[in-house]
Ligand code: GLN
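The form predicted on its own is given below as one chain in structure tokens.
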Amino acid sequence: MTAVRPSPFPASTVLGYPRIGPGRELKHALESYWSGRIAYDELDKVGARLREDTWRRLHALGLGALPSGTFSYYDQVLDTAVLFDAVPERYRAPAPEDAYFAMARGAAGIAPLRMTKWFDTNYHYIVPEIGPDTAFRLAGDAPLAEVRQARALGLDTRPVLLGPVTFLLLPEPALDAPAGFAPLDRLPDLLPAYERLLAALAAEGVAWVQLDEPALVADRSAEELAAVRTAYRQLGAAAARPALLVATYFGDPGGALPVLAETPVEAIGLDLVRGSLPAPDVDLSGKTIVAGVVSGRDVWRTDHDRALAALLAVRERAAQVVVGTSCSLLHVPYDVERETDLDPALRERLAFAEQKVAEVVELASLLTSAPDGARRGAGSRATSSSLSPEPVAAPREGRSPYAVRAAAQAEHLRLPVLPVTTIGSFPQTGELREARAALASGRLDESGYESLVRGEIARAIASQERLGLDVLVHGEPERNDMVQYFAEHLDGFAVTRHGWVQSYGSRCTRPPILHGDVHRPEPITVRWARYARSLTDRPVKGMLTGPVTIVAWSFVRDDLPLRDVVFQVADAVRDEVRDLEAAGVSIIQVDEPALRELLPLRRTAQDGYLAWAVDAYRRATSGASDRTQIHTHLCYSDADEILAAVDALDADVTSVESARSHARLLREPAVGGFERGLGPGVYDIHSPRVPDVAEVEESLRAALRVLPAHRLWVNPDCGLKTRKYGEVEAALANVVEAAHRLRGDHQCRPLTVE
């Protein structure tokens, strides 16, 4: 068998496409399957229809090369682990789908794999575990099955796979791996499985395969670049394989680009929105370049002149240039034409996935007709998220040193040692979701909706009092989303009806569109916080979303530096903090789960970003008095990597995800020197399993080995909105019991400072 002779790459493509369905069909099917309302074959039928609808639509839009393999029932990294049988023994089950969802969500007595952010996006992936004994093999035929499914429709597709280097850079070592082991050490054992898959695709007549290597746009060591060279020389030399497109995205591949250019791969994908044109000394003369000039990360229409200039500059140096997206369109909604409620002037500026495909096709046509040498020198667009090393001056009021604040808070709040609280949200019931939809459609008036919200707040407060929590939350029933809710109450934002984007699994969000200057016209949360306080004598936290997270989880205007936009939002949050405090709220949580997410992938830009991100948070909280306790929260974002910045936020209490990541944060030496309150999560709320008392107690004992009891808070990993009341109350009862048991080992006294 001989390798397929590479055919010219079609003139246009996208690196991926949304997969949840325009009406979130995948979400609804997944949740029906998990609850037992439908069987797996029904879920599979929904997946098949979504794939077919995508291929048909991309073909109808005139796209030259259609991708397959971009669909997933949960996550593409998890799919890759299953494809190559990198499944830890504790998850193996007779039915493959049981093992798959056990790794994603947990199972009876088994915690799920860790979950974290996909590079600097708000998409989450499941972190595989790979050890010295992981036996890689080609364990499935999903890529071939999708090729055949598309061919039954009369369409040829390009399978998309996670590349071997990125796949081995993302996992963490297996639980029993020896010290010093790195999953990338297993590259020689993994590559034969990729070769077998490529051979099978070649035998199927597949012309091109896309291997995604986004890890190459981050800082890579000489050893890691050597692994890139090894991988693609070996795969490129395979006797039978399709032509290979290695796609890099989310930035500039830097030193990885010349390494790839020296290998036998036929095509390289470059992100020319967040990255730059290739350096002049990189020889691309024998390569096809898929030039990502249409952004897959924002919702703004493409500047065609600038994009065409970049395409022409690449065409002068490459064997062929193909118009593409900067990354997968997974990160944007489906179709802006459905957003009939948006201001028409704003809608004209927007492009969702469908419009971006049309832009790719149009640019390919323009490129075909453009003469050589036309429009040279413009370069690629610099995005608004480009980070400047010097933060904008932001004068703010300072708070007293922590020791002073802690003493004032201890005297005022009188909390016990190991205080138990939650992160903020309580379950969003079906009745509440239906009422919100009825309000939006006009079937329910505002007073009826608010009556239901008050009832849900009362239920949440009563539940927490009955369970014995020390610091309560109102449960956030009035909020559809922790960012969208604030966007709906701030000038400068617009929200969509159908602009859903996948965050993980069945979890979807509607990122707001931040298109103008931000102002807070009136208080947002105060009346709900005041009502919750009227129902209990215990402290109730005011719950706010921080400025970095509001901006990170929105589609942001591209005419201002990102830090300037964040400071505008920080001022609005600061006004809300002051009004909550004036209403008698003594504990205010300002969450920043996206602090790590926005960290630039290149180290040279990280210090500048962290400086202004921390300054924005402190600006937002600067107006609080000493006795008002400021909390923050970070989840599923590798907070252990930015502990110095977390410390610099100067929050009085920080809660962080810990249970799902096997308490990796507590293994960081710097944690022992953390001087303020810290709440490492004691159970994973993204799994339906309920931890028993012994499990929670052991988590707390592990934390007490590195933290003094007077600084340790007890809380779940994250908010509880996706769970059911039965799960939540059972879990929290066990959390409270574990905390009470350990209080007997410590002096039961109010929190003070040593």
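Model, not experiment: these values are computed from the prediction. Numbers follow the displayed sequence, beginning with 1. Note that the rigid core is defined as the largest set of C-alphas that superpose within 1.5 Å between two forms.
Omitted from view is the form predicted in complex with ligand GLN, to which the following refers.
Tell me, out of 512, 292, 593, 679, which residue has a non-hydrogen atom within 4.5 angstroms of ligand GLN in the predicted bound form. Of 512, 292, 593, 679, the residue with a heavy atom within 4.5 Å of ligand GLN in the predicted bound form is 593.
Using a 4.5 Å cut on heavy atoms, which of 357, 423, 235, 312 is close to ligand GLN in the predicted bound form? Answer to the contact question: 423.
Does ligand GLN get within 4.5 angstroms of any non-hydrogen atom of residue 691 in the predicted bound form? Looking in the predicted bound form, residue contacts with ligand GLN do not include residue 691, since no heavy atom lies within 4.5 Å.
Is there any non-hydrogen atom of residue 714 lying within 4.5 Å of ligand GLN in the predicted bound form? It does not: once ligand GLN is placed as it appears in the predicted bound form, residue 714 has no heavy atom within 4.5 Å of it.
In the predicted bound form, is there a heavy atom of ligand GLN that lies within 4.5 Å of any heavy atom of residue 82, even though the partner is absent here? Outside the cut-off, so no.
Contact label in the predicted bound form: residue 633 to ligand GLN, heavy atom within 4.5 Å: Answer yes; at least one heavy atom of residue 633 falls within 4.5 Å of ligand GLN in the predicted bound form.
Picking from 128-136, 319-327, 665-673, 423-431, which part of the chain touches ligand GLN in the predicted bound form when contact means heavy atoms within 4.5 Å? That would be stretch 423-431.
Can you tell me which bits of 530-546 touch ligand GLN in the predicted bound form, meaning any heavy atom within 4.5 Å? Stretch hits: a single one, 543.
Has the Cα of residue 427 moved 2 Å or more between this form and the one not shown, judged after a core fit? Residue 427 C-alpha, core-superposed: shift of 2 Å or more.
Would residue 512 count as moving between this form and the one not shown, using a Cα shift of 2 angstroms or more after superposing the core as the test? Residue 512 C-alpha, core-superposed: shift of less than 2 Å.
Is the shift of residue 590 between this form and the one not shown large enough to count as movement, that is, does its C-alpha move by 2 Å or more after the core is superposed? Comparing forms between this form and the one not shown, the residue 590 CA shifts at least 2 Å.
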